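Read the single chain below, which is given as structure tokens and is the form predicted alone.
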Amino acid sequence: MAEIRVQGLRKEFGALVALDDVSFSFPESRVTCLLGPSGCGKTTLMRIIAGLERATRGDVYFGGQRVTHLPPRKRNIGMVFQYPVVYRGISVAENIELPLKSEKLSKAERTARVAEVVEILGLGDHVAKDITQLDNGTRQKVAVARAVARQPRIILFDEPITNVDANAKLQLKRAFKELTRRLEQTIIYVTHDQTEAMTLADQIALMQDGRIVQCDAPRELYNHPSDVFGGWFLGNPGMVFVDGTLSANGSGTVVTAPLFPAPVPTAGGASDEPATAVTVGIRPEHIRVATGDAPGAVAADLLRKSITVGRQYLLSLRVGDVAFKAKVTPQVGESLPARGAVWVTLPPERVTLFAPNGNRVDATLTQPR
């Protein structure tokens, strides 16, 4: 297996900077998802690692080997693309075995490798079928099986389940999860779908404008975004943001914001300035909504509620001029009126503060005494 390391990668397409001096390490035998919106540079980064694209500047290393100028065939990688690359006119088993024949393996070894990936990916009922008899999702499984059976050091997945139907997506996610659990290849998985990334990754490298802005385990990235972009991009919907101020008073540093009934004290993040602008961020599912008053609650208008994934309720709310969303459990959602007055609480321990430049502030809100 091999760690992948990129150093100072820059890629320019004319005036467009697709990668902006990226230096990063993909750990050996782990799954790293490159996640971000369209045009952020994730596919360009993967193609440079694969050798399909030449960087304007910078280097790529597999382990201690510099591979910057090696063609793809000499990098010992497997690749799976958005559309399944399969050979028509032969069976599933023959599709998987075909690239193994050029590696001087015995028939017994080829058969064993095919059997292993067929079992992992649940292709047992299809091994004798011609590729033309399969749906698109099953063909993609075959493409994955062929890449894995070669046992390359590195496998690159470029949005492999984008172009299959919803049922096939679910089956492929389960198959990929089992695959990555049982094998030890270094895997880079490119996607714009955060559900895929959260499900499959050991770590997520979040990209924006040609840079990796944060890399963490999925839950850490979700719960503790390093900037406003991470808070906004992750989640459905993303974080709720409101303007606030960070200031000092007689007892320490406090945050004042429209969704707090009174200034909330912080631990750390004190400023010498009389008042500093901050953005207060919280995940919609962490906002508490009730029909009765409670400590730390503010009065709000419930404008609309609707049922979403998992029978959770998505609420549209307003406090003064501030409109925002909250997500609550089925039990809470059913207890609320369709419209009308409610009470909203932002638990201090769930709140993240961001500076005017968008970066997270090193300060933790605490319960008012």
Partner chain sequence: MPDSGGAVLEFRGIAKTYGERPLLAGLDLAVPAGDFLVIYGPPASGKSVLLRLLMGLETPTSGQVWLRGVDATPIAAAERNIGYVPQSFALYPHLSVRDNIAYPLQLAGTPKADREAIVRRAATMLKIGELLGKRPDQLSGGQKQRVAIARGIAKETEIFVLDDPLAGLDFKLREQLVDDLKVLQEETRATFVYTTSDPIEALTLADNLAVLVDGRIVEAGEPERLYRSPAHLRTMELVGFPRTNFVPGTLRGADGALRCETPLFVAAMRPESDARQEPGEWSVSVGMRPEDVVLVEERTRSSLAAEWLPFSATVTLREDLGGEEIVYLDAGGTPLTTVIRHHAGQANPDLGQRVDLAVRVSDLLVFDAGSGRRIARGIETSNG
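Numbering follows the first chain given and starts at 1. Note that this is a predicted model, so its numbers are computed, not measured.
Keep in mind the form predicted in complex with its partner chain is missing from the figure; the text below concerns it.
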Checking P237, G122, P265, P261 against its partner chain in the predicted bound form, the residue with a non-hydrogen atom inside 4.5 angstroms turns out to be P237
Among the candidate residues P330, G340, G320, G64, which is the single one with a non-hydrogen atom no more than 4.5 Å from its partner chain in the predicted bound form?
P330
Which one, 209-217, 252-260, 294-302, 175-183, holds residues whose non-hydrogen atoms are within 4.5 Å of its partner chain in the predicted bound form?
175-183
May I ask you to state whether S29 is within 4.5 Å of its partner chain in the predicted bound form, using heavy atom distances?
no
Residue contact check: L170 to its partner chain in the predicted bound form, 4.5 Å heavy atom
yes
Could you tell me if W232 has a non-hydrogen atom within 4.5 Å of its partner chain in the predicted bound form?
yes
Its partner chain contact in the predicted bound form: R311, any heavy atom under 4.5 Å:
yes
Please determine whether each residue of D202, R360 and T366 possesses a non-hydrogen atom within 4.5 angstroms of its partner chain in the predicted bound form.
no
For a quick check, can you give me the residues of 55-87 that have a heavy atom within 4.5 Å of its partner chain in the predicted bound form?
none
